[in-house]
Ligand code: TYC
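As structure tokens, one chain now follows by itself in the form predicted alone.
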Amino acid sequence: MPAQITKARPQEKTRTARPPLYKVILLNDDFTPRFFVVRVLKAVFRMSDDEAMGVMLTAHRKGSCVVAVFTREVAEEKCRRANDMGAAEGFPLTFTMEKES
């Protein structure tokens, strides 16, 4: 009688999927003062003076600028806080978010 050969099944490794990321985008408008946009970027996104100035100028020149990339919940919260700061001062400052491709 032939000897029975058994093979061990390979262990299946499961990996948790990374959550989808979302870009927070600053939209340019002609009414919000530059210094206020810089102040919001520093307060909400914790940018330095130079980083905030660069993002603000890019949005001013190109019409929009990606500020940062976060998970959905964080991106929603940052957009809400930044938009609320603008609305509290009466400016049409707009941050939006979109899924990163």
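None of these values were measured; they are calculated from a predicted model. Start at 1 with the first residue shown and count on from there.
Quick note: we don't show the form predicted together with this ligand, though the next part is all about it.
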Checking 69, 27, 74, 43 against this ligand in the model of the complex, the residue with a non-hydrogen atom inside 4.5 angstroms turns out to be 27
Q.
Taking this ligand as it sits in the model of the complex, is residue 59 in contact with it (heavy atom to heavy atom, 4.5 Å or less)?
A. yes
Exercise for the section: Mark residue 34 yes when one of its heavy atoms lies within 4.5 Å of a heavy atom of this ligand in the model of the complex, and no otherwise. Expected result: yes
Quiz item: Taking 4.5 angstroms as the cut-off for heavy atoms, does residue 93 touch this ligand in the model of the complex?
Solution: yes
